[in-house]
Structure formats: C-alpha cells, structure tokens
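Below you'll find only one chain, the form predicted on its own, shown as structure tokens.
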Amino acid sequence: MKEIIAAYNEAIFDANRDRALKIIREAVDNGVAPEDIVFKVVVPALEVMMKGVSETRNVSLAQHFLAAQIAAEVTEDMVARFRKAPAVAGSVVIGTSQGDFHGLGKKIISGCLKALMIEVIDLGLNVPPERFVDEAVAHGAQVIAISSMMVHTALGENGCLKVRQILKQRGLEDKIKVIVGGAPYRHDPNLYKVVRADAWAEDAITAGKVIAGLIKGVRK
C-alpha cells in the first residue's frame, strides 16, 4: 500500500491525471479494496496537497484543482465497487454568490467533498439567493455553501445576507446551515459573522471537515 500511496501522490503532484488513474486501476486489479483506495489513498493525498498549498507553498492552486478533480473521478468509480453501498454523509448545495463568476475554488471544494462521501449539488456561478434555498430544499441538503471571491459579492444584498433572510422567513434556519468561503474571508476571518453565515472555511480540506460537522449538527 505504501508504494501505491507514494506513486499516486507523485502522479497528482506532477498533475499527471492519466498516470494517477492508471495507478488506481492497477491497484484494484491487484486486489486492493475500493474502500482502501478512497480512504487510504485519495483522501490523504488531498490533505497532502492542501498542506502544500497553505503551508510549504510547493503546490500551486492549479495542481490542487487537478488533484481534487481526480479525487472526485476516482471516488465515483470506487463507490460503485464498494462491497456495501456507503451511507452518504449528507448533502450540500454549492455555488458562487450572485455577481461572482470565479469558480475554481468551488470546484476544488466539490472534489474534496465527494471524496468524503458528501453529495454535492453544484449550482454553478452567479447564483441568486432564492435559488440556493430552493435547491437546498428540493434536494434535502443540510448545508448551503457560498463562494465569493470579491468583497462586494460577499457583502452584497444578493449574497449570504439574503440567503440568511430567506431561510429565516421560511423557518429553515435549524434545518439548513450556511458556510462561506473565498478570498474576502481569508483576509477577514470575522467577515462570515457580518454576512450571518454559520461558518467559514479557509481551504478545501477545512471546508470538508466543517461541512461534515454542520451536517452532523443538523441531523441530530
């Protein structure tokens, strides 16, 4: 297993999708359980990449983006092979706030969430606040995740503040939690309180853990 982990990590560090997928296919063909592929290879690799982005600075955002996309692709394939269908940890509706067209961070987070067995309903870019809530209700999602890369879209009247207002009007604040993320929140870690979100996350790995905690809180 150590050799597989090392080879897979090297492949995603080199942004070599084909080699990464080949390593996974060969591992499964040689008898490695699909569950081990996800939880011992893919998820730990994402954590290594995230540390490379935030701590050692030896991993670019583009590398991490590809790693997340590979993780999502591998996870979807492996889940179909699990001996027992895994229980979905929960569901998240994700998108960028209205007026914001920067989707890279959202895509990275989506890949990480899928690897954590969290269902992702990706609404794309420039999402109106009403749609966030409507889609969350329609899909039975416990969390709405709103990405904003600009201060004016984070604080805007059609951003998280409006989503919170709609949730309150519909009596959904105990059933659906809101998490935010993006550059403005990294510059001001208390900004999430200003926009009345329940939480914020600095990076994709942190987002996965925070979202899992929010889901658990709703499901109690």
Partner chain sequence: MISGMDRLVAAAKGETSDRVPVFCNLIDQGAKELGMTIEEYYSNGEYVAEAQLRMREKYGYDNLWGLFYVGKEAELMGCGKIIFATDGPPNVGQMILKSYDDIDRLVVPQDISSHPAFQEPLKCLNILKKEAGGKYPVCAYVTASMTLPAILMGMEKWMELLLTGPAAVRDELLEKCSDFFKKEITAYRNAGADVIIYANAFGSTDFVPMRMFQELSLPWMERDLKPVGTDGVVYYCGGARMNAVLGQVIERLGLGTYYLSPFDDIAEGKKIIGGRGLTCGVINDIRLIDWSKEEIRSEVKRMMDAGKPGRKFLFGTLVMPYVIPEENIRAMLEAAYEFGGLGGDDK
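Numbering follows the first chain given and starts at 1. Keep in mind that what you see is a predicted model, and the values were worked out from it rather than measured.
What follows is about the form predicted in complex with its partner chain, which we do not show.
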{"item": "Its partner chain in the model of the complex: contacting segment from 164 to 172, 42 to 50, 29 to 37, 189 to 197, heavy atom within 4.5 Å", "value": "189 to 197"}
{"item": "is_contact(Leu104, its partner chain) in the model of the complex, heavy atom dist at most 4.5 Å", "value": "yes"}
{"item": "Heavy atom of Met150 within 4.5 Å of its partner chain in the model of the complex", "value": "yes"}
{"item": "Partner proximity in the model of the complex: Arg17 to its partner chain, non-hydrogen atom cutoff 4.5 Å", "value": "yes"}
